[in-house]
Structures are given as structure tokens and as C-alpha cells.
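What follows is a single chain, given as C-alpha cells, in the form predicted on its own.
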Amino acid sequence: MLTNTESLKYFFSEGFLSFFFLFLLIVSFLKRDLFTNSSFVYLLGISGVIITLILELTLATAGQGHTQLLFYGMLRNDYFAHLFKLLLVFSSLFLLVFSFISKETNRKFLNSLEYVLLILASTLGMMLLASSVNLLMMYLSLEFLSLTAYLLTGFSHRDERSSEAAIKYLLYGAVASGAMLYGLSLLYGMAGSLDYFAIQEYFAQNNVSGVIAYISVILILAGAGFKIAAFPFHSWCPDVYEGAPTPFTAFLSVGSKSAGFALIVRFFYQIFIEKGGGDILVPIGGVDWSLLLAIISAFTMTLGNLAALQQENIKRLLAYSGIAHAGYILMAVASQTLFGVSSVFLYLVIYFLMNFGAFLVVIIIANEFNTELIEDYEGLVWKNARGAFLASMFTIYLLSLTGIPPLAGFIGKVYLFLSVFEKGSSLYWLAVVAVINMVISLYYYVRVIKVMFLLKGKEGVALSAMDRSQYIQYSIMAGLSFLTIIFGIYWVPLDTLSKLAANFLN
């Protein structure tokens, strides 16, 4: 366990991000005229996040990935934290790039600097959340992330939908946060410590009342489940996805969700699991949280897929799709195996590629037609070369989200199913539910493809040709689709990284 001073050399990336945030904030007070150009502000934010990414990558690869407890046990420096932080920082980088591309954010905001500062603050909150091994630190990091998310959701202050979404997000979040805080207080009351390892030791050595432990876990799940939009804490998701700026919606679907899963995995596996011989994990604490998560998983994926069938707005469709995918990922968490932890990270990386790619298409179509309705995608492939490219890219992402081979989404789902099978016959029923839900999801994903390819485009609705200034966004889109295809054929690098993520239990 390292002191505050000793911990600083393992805190470079978060330290730089904090310094960069404060530097921009102070300079903006003194020289506000420097930040009137929104493009310059976005490029400044992108530069800061890239440097943070490089620093984090350096720490992870330069022999610093070994386990250390930082700041007297508040944070844990391990491969699990490094890998999730890299994924989260990449999500913030894509948010800034998409915000730069989107007319919705690059041209309508009166103060782009405040928007960028909130993104930087949100990134810091996510990074701290992925490393937290203390109940208080975990809660503060989660609230820090949530508060910035509420502000970013309602940042389009002249947009009634955005304001309404932010209010709903705030109200739901406040209830979930209050429930979680009460659950944490019960856990602290039982164990007498805020430290994950001390709590784990208490549960390993004492018989705990099942009722109190169950209540505590359920209340804590309210806060964590809200962050990943799991049933029954999902109600905010469709309205917020529809009302928030589209680039931030993409971030919520990937970055915020990944941070929530980092919280859930570390909390349950660090506290309620004891490692036996080899790779055997032994549940402790008297709470069958595996069954609890499995039930939530089944309800989450079923509700998400059934609700998506009726959607006419592409952002609401992707919102319910995101709820369903949260249910799929919870299968691996419920498996209580090291392979399950690896599968969670592997699937989140693949989901990053699929979902950011899909939202990039949505952003470009919104730039062109100022619409989010699926019916306005009619005949997209037949409009011109640009329309054919967009329709083709969107098809790859949607089929991958469905789980069609040989795309990466198929491999991700295979890993999730394998983690369930590794658990044993007690969760076979969950695999059956997941297969049925995959069949259901095929309908609404293919419906969008049918609209783009098989329906005649509306007369008079033209699509402008490709422009050199747009080559960056098309290059990103092509790169994401390329990786979606490649990782469906050769996924060994992802498998290697995901196995490192499970080492935090050593």
C-alpha cells in the first residue's frame, strides 16, 4: 500500500488530465477570447485526451501493470484498471472527434470550451471509477461521472428535448444514487470497513445474515444497474439517448456503460469472490448474486429487444439495443468465472467498434438530412456513391450487433455463451433466453437494412457527394468496419488482452 507521494508516479495519466482540465479552466477565465473558435477548442481537447491515452498506455506497457494499492488503498493499479481506462479514454477521444464532426455540437453550442471541459471531467471520473477499491472512492467517482453526464445531456440549452432528457436523467439518477448510498452504508455497517479487501475478509470469516446482505446488494445494484441501463433501472435510457446530442449519446452507449461494468465486475468479484486453487472462484458472503444477475440479465435483454421492435427513431432503437446488449454482457458477469471477466472486456471492446461505427453513420445522416427517423433512410444505397458507402458501413455494424458470422459481434457473443457454459448447468436456461433474444433482434436490425436497400428512396431527397473535408470521418468509419470484420476472423489479440483483465483477482 503506497502513500500519497509514492502513488503519484503511478498516477501520471489521471494527474495530467486533472492538470490539463484546471489549466484550461483558469486560462478561460483570464483569456476568454482565445477559445471563441470551436474547432480550435475541440482540437485542444482531442490533444489533451491523446496525451492522456499515451501516458496510460506507457504505464500499462512499461512494467507498471503489476498490482499496487495507491493513496493508502483508495485505488488499485492493475491490468484490469489499465485496460478499462484505455477503453474509456478511447471512448472520450471518439466523443470529441464525433462532436467536432457533428453539426449538432460544432455549430450550435455557444460555448464549446465548457462542453470540452465537461468531457475531460467525465473522463477523469471514469478512470477513477475503474481503479476504485474503496466504497467511498467508488461512490464519489460514480457521482462525479454522473453529474457531468447530466450536464452534457442537457448542454443544448435551446433544445427542449435535450432539457427534458437531462431532467429525466437527473431525477432517475438521484433516486438510483440514493438507493446505492443506503446499500453501501449497510455494507459498511456489516463489515466495519470501506476497503474492498477488508470487506471480503469479513465475509470470508463470518456468517452474515442473508436478508441484510441481499438488501445491501440489491440497493447497490440499483446504482450500478442505472449506469449500464439494466432492467428495472433502464427507463431513462431511450429518452436520454433521443434527447442528448448524438455524439454524447454514442459515448453513453459505450464509455459510460463500460465504466458501469468495470464497477460491477470489480465490486462483485473483489468482495464476494475468493480465489481457490488454480482458476477456481469460490463465492462468499451468503448472497447468490449469480442468480440475481442472471435474472436481471434475462429481463434486460428481453425487454430491450421487444421494445426495439416498435421504434421508428434510430437513436431510440439503438438505445433499446444497448439495453439488450447490457443484458448479454451480464450473462458473463453472472458466470462467476475468470473466463467470464475476460469475456466482459472482450465484448465491450467489440461493442465499442460496432456502436461507435453505427452512431457515426447516424451523425452523418443527421448532418445531411437533419433527421433521426428510420423511414428517412429509405433507398440510401441508391442515392449516390456516398449513400452506398454509408449504407454498406451501417449494414456491417448492424449485422455485427446481431451476432452474424464472420463479424466480431458473433465472436463476442460466442465468448459470452462460453462463459455461461463454464459456469455449469445452473445457467443453461440463460443461454436459451439469449439465443431467443438474438433471433428477435435480427428483425429490427434487418428492418433498417431493408429500408436502406430494398425500399425506393423519396423523390427530391438528394444526398450530397463526398467532399475532401469529410475524408477523416469516412476513414474512421471504414477503420471501425475493417476492425469489426478482422476481429471476427482473427480475434487472438483481443483474447490475449481480455485474459490480462482477469488477472486482478491474483
Partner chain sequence: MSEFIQNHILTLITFIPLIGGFFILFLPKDKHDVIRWSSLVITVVPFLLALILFAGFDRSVYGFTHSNGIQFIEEYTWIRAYNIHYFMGIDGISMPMIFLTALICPLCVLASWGINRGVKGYFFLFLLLETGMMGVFTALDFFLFFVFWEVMLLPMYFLIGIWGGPRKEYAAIKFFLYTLVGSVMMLLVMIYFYLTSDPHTFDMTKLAEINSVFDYRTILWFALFINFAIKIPVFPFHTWLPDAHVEAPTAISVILAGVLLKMGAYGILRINYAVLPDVSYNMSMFMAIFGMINIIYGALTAMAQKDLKKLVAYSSISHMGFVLLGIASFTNEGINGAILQMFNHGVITAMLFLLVGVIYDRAHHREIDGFGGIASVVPNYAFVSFLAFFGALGLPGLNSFISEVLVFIGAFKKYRVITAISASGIIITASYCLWTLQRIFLGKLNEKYKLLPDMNIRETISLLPLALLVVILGVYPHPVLNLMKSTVKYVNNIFLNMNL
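Residue numbers count along the first chain shown, from 1. Since we're looking at a predicted model, the values are computed, not measured.
Heads up, the form predicted together with the partner chain isn't pictured, but that's what we're talking about next.
The candidate stretches are 470-478, 44-52, 442-450, 25-33, and the one lying within 4.5 Å of the partner chain in the predicted complex by heavy atoms is 442-450. Out of the listed residues Y188, F197, W382, Y72, W382 is the one that sits within 4.5 Å of the partner chain in the predicted complex by at least one heavy atom. Contact with the partner chain in the predicted complex, defined as a heavy atom within 4.5 Å, holds for exactly one of F90, Y150, F389, F339, namely F339. The partner chain in the predicted complex comes within 4.5 Å of a heavy atom belonging to W491. Interface membership of S193, defined by any non-hydrogen atom within 4.5 Å of the partner chain in the predicted complex, is ruled out. At a distance threshold of 4.5 angstroms between non-hydrogen atoms, L128 is out of contact with the partner chain in the predicted complex. The shortest heavy atom separation between A60 and the partner chain in the predicted complex exceeds 4.5 Å. Of all the residues from 405-422, those having a non-hydrogen atom no more than 4.5 Å from the partner chain in the predicted complex are P405, P406, F410, I411, V414, Y415, F417, L418, F421, E422.
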